[in-house]
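There is one chain below, alone, in structure tokens, taken in the form predicted alone.
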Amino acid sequence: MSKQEKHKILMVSDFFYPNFGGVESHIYYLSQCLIKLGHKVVVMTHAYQNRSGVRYMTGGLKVYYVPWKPFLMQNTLPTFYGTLPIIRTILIQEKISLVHGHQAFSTLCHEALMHARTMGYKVVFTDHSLYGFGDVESIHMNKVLQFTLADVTQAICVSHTSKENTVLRSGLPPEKVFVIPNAVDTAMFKPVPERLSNHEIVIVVISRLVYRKGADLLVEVIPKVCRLHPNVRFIIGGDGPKRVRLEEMREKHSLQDRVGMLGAVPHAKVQSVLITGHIFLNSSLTEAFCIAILEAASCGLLTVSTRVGGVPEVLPDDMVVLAEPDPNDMVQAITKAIHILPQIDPQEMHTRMKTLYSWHDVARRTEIVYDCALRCSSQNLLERLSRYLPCGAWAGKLFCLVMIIDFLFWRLLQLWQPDSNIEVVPDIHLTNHPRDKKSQDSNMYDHLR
């Protein structure tokens, strides 16, 4: 494929704005940068409350909020074949050349990749999470991932640890998996011009308050740190089922004046919370890659984090203090961070983050993956079915049956409504008016119309 040829990409995931999180930010920023490189990008996600239909975001990013409501944890109910008609229509209407799915536990992503392969499209999958191998949830999820990735064209992981985990879980050949880390918008996440005083040390936590993010670890760590360091104060942003435990801890140890609970913090306001602190604390028990760490470092905060998953790959050693996911080790790491805090220059840290991480670099590297995917040869149904058989004695045959039914359903749709009867949507090229970039990104939610 020539370098001048541009792609028409469909991004698919259950996780997108107005929901907030790392996957949502990744899809948004990657899409914006791909559009700037001249590619056409369309996003498909499920409906959010009364947001359904077609919306446009900053830069002309088109979003299909398909009329499927979330069933569990922002995921749509698995239908296998229920989404085929609407996915087929979008692919033809938008003249899509490649489908890019995001997140292993997104139902919509798995179904879109399955249907796209049935229709002969090249597909790319990005895995944003780590999973285990022993518990029931992980075993089930790994089998679903094995089914989806058996016929995927290329895959992307956000860290080398994530790549190793994905290859082991799915059986995907390592040469098919690329490693492209997340990035941070350094124009949006800037430190304050004047350095904060160290008389009172503010530790910031911004995270979903769930078990996987180490909320139970915070319940044990915060009282111990407050006893050891009378000049330390905590600010906790985020919401979730574990918030009650944190509030109970605050009441039990009478720390109302030293532990502030902000609740859910919109992404546009995260920077204003980060710049009030000196140290950013991440207590995750599992993490493929933590965008929140990048945002904190870009704002000049020294990071203390658990040594799990891909976190050790994120920042240089002088910008982060790592600890085991153990309360005592975390307390020691925070104490160490407090002692080296005077050596940290927020402005210098921000400058280094500019050179280390860029969404434009992520987009260019993703562009290479797209080129590789589109150069791969196409397979007929029988060749594709041979990839599913090794998935298990019974599972392999079941997967083949699922794909055969999907193929027959697609052929039936073609007879009922031929491709030529589906109206192609003309491409719209918006004129970009000069604006302040930080204002544009921080107010991107206001551009939904």
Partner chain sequence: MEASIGRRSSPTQPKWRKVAYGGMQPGFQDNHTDESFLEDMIMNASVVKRDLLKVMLDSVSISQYVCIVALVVLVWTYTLRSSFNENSLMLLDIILLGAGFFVFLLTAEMLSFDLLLSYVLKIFFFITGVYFLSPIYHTLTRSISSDSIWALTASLLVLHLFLHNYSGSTVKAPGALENPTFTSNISLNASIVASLLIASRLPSRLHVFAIVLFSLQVFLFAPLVSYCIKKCSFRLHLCFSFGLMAATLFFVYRLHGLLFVLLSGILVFVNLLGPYWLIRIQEYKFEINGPWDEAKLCFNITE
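Everything quoted here is computed from the prediction, not taken from an experiment. Positions refer to the first chain, counted from 1.
If you look for the form predicted together with its partner chain, you will not find it shown, but the lines that follow are about it.
*Asks:* Check L84 for me: does it contact its partner chain in the model of the complex (non-hydrogen atoms, 4.5 angstroms)?
*Replies:* Residue-level check for L84: no, no contact with its partner chain.
*Asks:* Evaluate Y211 for contact with its partner chain in the model of the complex, applying a 4.5 angstroms cut-off between non-hydrogen atoms, and reply yes or no.
*Replies:* Output for Y211 is yes: heavy atoms within 4.5 Å of its partner chain.
*Asks:* Given that the partner is absent here, does P316 sit within 4.5 Å of its partner chain in the model of the complex, heavy atoms only?
*Replies:* Heavy-atom contact with its partner chain at 4.5 Å: present for P316.
*Asks:* Report whether the minimum heavy atom distance between T351 and its partner chain in the model of the complex is within 4.5 Å.
*Replies:* T351: no contact with its partner chain in the model of the complex.
*Asks:* Scan P191, G237, P223, P181 and let me know which has any heavy atom within 4.5 Å of its partner chain in the model of the complex.
*Replies:* The option sitting close enough to the partner is P181.
*Asks:* Between the options H229, H360, R245, H267, which residue brings a heavy atom to within 4.5 Å of its partner chain in the model of the complex?
*Replies:* That would be R245.
*Asks:* Each of L61, V402 and W416 having a non-hydrogen atom within 4.5 Å of its partner chain in the model of the complex: is that the case here?
*Replies:* Zero of three within 4.5 Å in the model of the complex.
*Asks:* Please identify, from 295-303, 352-360, 192-200, 270-278, the stretch that has a heavy atom within 4.5 Å of its partner chain in the model of the complex.
*Replies:* Selected stretch: 352-360.
*Asks:* Quick one: which residues from 152-178 get a non-hydrogen atom within 4.5 Å of its partner chain in the model of the complex?
*Replies:* Read in sequence order, the residues that approach its partner chain (within 4.5 Å, in the model of the complex) are H160, T161, K163, E164, N165, V167, L168, P174, E175, V177, F178.
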